[in-house]
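Starting off, we have a lone chain in the form predicted alone, written out as structure tokens.
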Amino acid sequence: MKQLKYSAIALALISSLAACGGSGSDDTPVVEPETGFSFSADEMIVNLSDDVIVSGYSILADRGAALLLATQTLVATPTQANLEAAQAAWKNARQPWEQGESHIFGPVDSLGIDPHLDSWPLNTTDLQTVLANSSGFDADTIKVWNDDVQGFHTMEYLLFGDGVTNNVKSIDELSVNERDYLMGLAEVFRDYTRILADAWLVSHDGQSGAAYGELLKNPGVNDNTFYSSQVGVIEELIQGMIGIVDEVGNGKIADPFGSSVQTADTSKVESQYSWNSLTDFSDNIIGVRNVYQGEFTGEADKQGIVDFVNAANPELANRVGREIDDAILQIRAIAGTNDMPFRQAIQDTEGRVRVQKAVDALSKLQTSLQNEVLPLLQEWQGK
């Protein structure tokens, strides 16, 4: 949205010229309107890098370590309680990962971490072959296998079962080989989440390169070849928000939703084994809110993208905040009053109405981010 601001002097000059009726002379001064807005982005960029992105990946690494510990306990003492503890640890690790998809750039991409952790769909055919022909499952062996038989969704399948009629699994259904494989997968997962956190905190390439967090915070200095200006940093952050809103609305939800009950396809539902799909989707948009607001839910107010937008257009800043909250609300509402999982909702007449409302809310948010927030970069008198 372009704002035009005219100074008092300029308006007085325009009035004076109008009173004179205009001379038509070539000497008539041309009055240029003042445009753009000012905003100091230093604090916002440091905060989003340290307190949202790096903090989120550190939490993910800690929860990756906790997931490995839970699977080690499960292998040592295979009880129903320890299986449920491992399931809870998987969901706890899932949360910071899904929220972090609002800023899925940098090392998570350049180091290939994303496919190692979150390849979808799962290759259940190869998974069964691996289980039938292998044993031991040490981490170094698993790391050279294809991504579609490791990461979140392989562990999900082993922990929760196929998810067709329920997401409940008995310890009796989890074989010794499956438990060993699960523990090996969790060790690989722990290693990759630690590498990701270190890339932001220590070195982006794991060698002599600067920490990616420092590169994000210091554009245009010290031979920073990743970001030449704060404009580039803020654009990366806003594009990250747009990207995940698009993926949730037009991919994760729309692909399995189809155009009718007859074309709905549950095989395309991500996190279908655990029935964690709606939590995934809402966490994705909570991640957008974290970047927009500049803090995790419930934490003290800090600078985020909302402050940048507010400097240009307070009405837009408030409206986008409401649209983010509404998208989260509509995603959660898909469950209805009987806590219906997403894979069932897309095959239910009333559930599909609720799904469509969520898609509409996401589309509205995406339009505002693309057409009104992102263009503000062209108006910003920043550096």
Partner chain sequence: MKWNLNAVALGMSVFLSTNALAAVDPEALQQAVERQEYELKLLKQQLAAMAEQQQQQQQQQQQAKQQEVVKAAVQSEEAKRPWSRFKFESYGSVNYTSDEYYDNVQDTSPERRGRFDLERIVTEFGYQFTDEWDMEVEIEYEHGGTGSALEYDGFDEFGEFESEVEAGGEVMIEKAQLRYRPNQHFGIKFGNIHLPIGLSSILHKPNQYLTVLRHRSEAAMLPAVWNETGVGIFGEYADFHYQAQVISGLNSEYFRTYDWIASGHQKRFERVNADDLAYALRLDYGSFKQGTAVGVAYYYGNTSGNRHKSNKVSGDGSVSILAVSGAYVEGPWILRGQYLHGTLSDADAITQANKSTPGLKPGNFAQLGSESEVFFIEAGIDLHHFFDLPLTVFANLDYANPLADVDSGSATKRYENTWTSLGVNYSPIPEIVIKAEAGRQQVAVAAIPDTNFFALGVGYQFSL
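Residue numbers count along the first chain shown, from 1. Quick caveat, the model's predicted, so the values are computed rather than measured.
Same protein, other form: the form predicted together with the partner chain, not shown, and the subject of what follows.
At a distance of at most 4.5 angstroms from the partner chain in the model of the complex, none of the three residues Asn82, Asn92 and Phe160 contributes a non-hydrogen atom. Segments offered: 69-77, 308-316, 237-245, 115-123. Contacting the partner chain in the model of the complex at heavy atom distances within 4.5 Å is 115-123. In the model of the complex, none of the heavy atoms of Lys302 sits within 4.5 Å of a heavy atom of the partner chain. When the partner chain is considered in the model of the complex, Tyr273 lines it closely, a heavy atom lying within 4.5 Å. Contact check for Val130: a non-hydrogen atom falls within 4.5 Å of the partner chain in the model of the complex. The closest heavy atom approach of Asn167 to the partner chain in the model of the complex falls outside 4.5 Å. A heavy atom within 4.5 Å of the partner chain in the model of the complex is found for one listed residue only; from His204, Lys217, Arg289, Lys252, this is His204.
Though the partner chain is absent from this view, in the model of the complex it lies within 4.5 Å of a heavy atom of just one residue from Asp148, Glu178, Asp198, Asp191, which is Asp148.
Contacts between 79-111 and the partner chain, taken as any heavy atom within 4.5 Å in the model of the complex, involve Asp109, Ser110, Leu111.
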